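Two separate entries follow, structure 1 and structure 2, each one form of the same protein chain as structure tokens.
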Structure 1
């Protein structure tokens, strides 16, 4: 059996977070080329600052200036950096205890090769030129026993934006795969549960009632019945059609589960539950493994289906 269809999916989102008073102070100071810690309940100076003591959970408020120079307390070597990491050439991850701090900060050290770095090595911050108030304002640390850079003036920050981009390869299930391949040929392939005999379109990896894989393929026609619908009046980002228009649940003849699609060719006020519809396909040369091959549904002109024929599918 050939492997199921698969496709890459890149997921991205810019997380925006308010900083609050403790991390806000730390991140604002990074913008000023300054590093700030906070004194814990036991007197230790934490860098980065913590909002609450890790042992007593007491709220912490006493900020302490520390140096932008320090010492490596532990490290590992990354020969092949990954996307998003501070450096795109081999580097060390290190826990760095800044002078004046009692705890360690994680960051990258631009050491060139692993034989140049060691625990106990002296390092200093290499500041980014365009600082925004983020941990990445520290471009990395560099091996140096020299002094840190002088601070500069900058405004406070209250928000931080973290872009997150992750990459996946998604695979269709063994039951979704023939469905998607069928769509490429303009065929609507459902699957029947061997236990309850319900016909699922689109097919699912397992029958949600019986928990068994569906095994029997069933080909359906492209006609069906509107089970329920809504009139979309609200504009939103990415909308394809100017509102008002109708999104409808279509129960294909022979199927037991309706699916959501677009209904055109009828005024919204004339749409009814039980209305009979048929698919309007895109031109064949535009077909792919997607339900978008059906551009929309339109009324078929048949008499409405009786309520009993779809009352179990609402």
Structure 2
């Protein structure tokens, strides 16, 4: 029996958002080498600042400057840092109560060894030289009972972009493996539920209706019917083609569940429900264990399918 297919995957995107008055003030001040908290309804100063009081849920507006020095309230040693962590050498994650604050901030302490850090140790911020208005403007904390650095002038921060990346190795399940191997041969393999006889494409290991394994393999054609569609007019990162274009749900002949794919070869204003389409495959030498072997769908030229033929598959 061949080993299941597996491959490294890298999922990533840039998350961009506006900051609002509370987070914007906090990030702007970090850029200025300042740390800002906010006073809660019970008089406590929270760092990082909260938008709403954790007890009364009232909106909080009284910003309070706190020091960039403080005390370690608890810590955990990290002997082997992971990708994306603040330091690439052993360090301590620590809860740090800054002078003037009543809550603790989680950040890294560059202590050198676990023997040098302890609860109650005095620390101060080590600022990053190139600050952009992010929590990473604090490169880390360092052990010191000296004063913090003086603030500097900097522009306000109103928008932030946070890159998100996830690296992992995916191993195909017993259902995925023959599906992916079929794609490498230009075959579209689905699974049928033995109870309700619905045919799922892409295949599912179990029928969501009956809760039983889908044990019967079914090979489908690469022709189908458009059940629904949308015209994409908004550009975004990683887009294959410039908008406008059509993303459509295609119900392959013999399947009971449509799947989303790209529709080309027709003007967006001419696309309609019931349009018959066929797959346009990439050159065979480019095939791999992926649905991207089908570059897109295009109109097949057949008459539109009657609504009753796909009305139960929307």
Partner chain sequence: MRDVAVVGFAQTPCVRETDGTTNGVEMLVPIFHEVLGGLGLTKSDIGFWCSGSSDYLAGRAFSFVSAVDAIGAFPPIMESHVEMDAAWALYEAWVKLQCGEVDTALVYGFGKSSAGQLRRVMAMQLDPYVVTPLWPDSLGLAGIQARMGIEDGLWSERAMAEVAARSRAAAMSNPLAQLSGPVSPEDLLDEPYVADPLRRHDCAPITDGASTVVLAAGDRARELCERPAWITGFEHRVDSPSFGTRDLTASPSAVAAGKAAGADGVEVAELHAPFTHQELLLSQALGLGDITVNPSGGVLAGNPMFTAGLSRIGEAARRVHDGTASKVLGHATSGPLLQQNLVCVMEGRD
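Numbering follows the first chain given and starts at 1. Keep in mind that this is a model prediction, so the values were computed, not measured. Here the rigid core means the biggest group of C-alpha atoms that line up within 1.5 Å when the two forms are laid on top of each other.
Colleague: Between the first and the second structure, which is the form predicted in complex with the partner chain?
Modeller: That would be structure 1, which is the form predicted in complex with the partner chain.
Colleague: Superposing on the rigid core, I want to see if residue 139 changes position between structure 1 and structure 2 - specifically a Cα shift of 2 Å or more.
Modeller: The answer is no, as the C-alpha of residue 139 shifts between structure 1 and structure 2 by less than 2 Å after core alignment.
Colleague: Taking the rigid core as the reference frame, tell me whether residue 245 has a CA displacement of 2 angstroms or more between structure 1 and structure 2.
Modeller: It does, since the residue 245 C-alpha is displaced 2 Å or more between structure 1 and structure 2 after the core fit.
Colleague: Please report, in whole degrees, the rotation of the smaller rigid segment with respect to the larger one between structure 1 and structure 2.
Modeller: Smaller part versus larger part, rotation angle: 17 degrees.
Colleague: Keeping the rigid core fixed, what distance in angstrom separates the two C-alpha positions of residue 208 between structure 1 and structure 2?
Modeller: Taking the core as reference, the C-alpha of residue 208 is shifted 6.4 Å.
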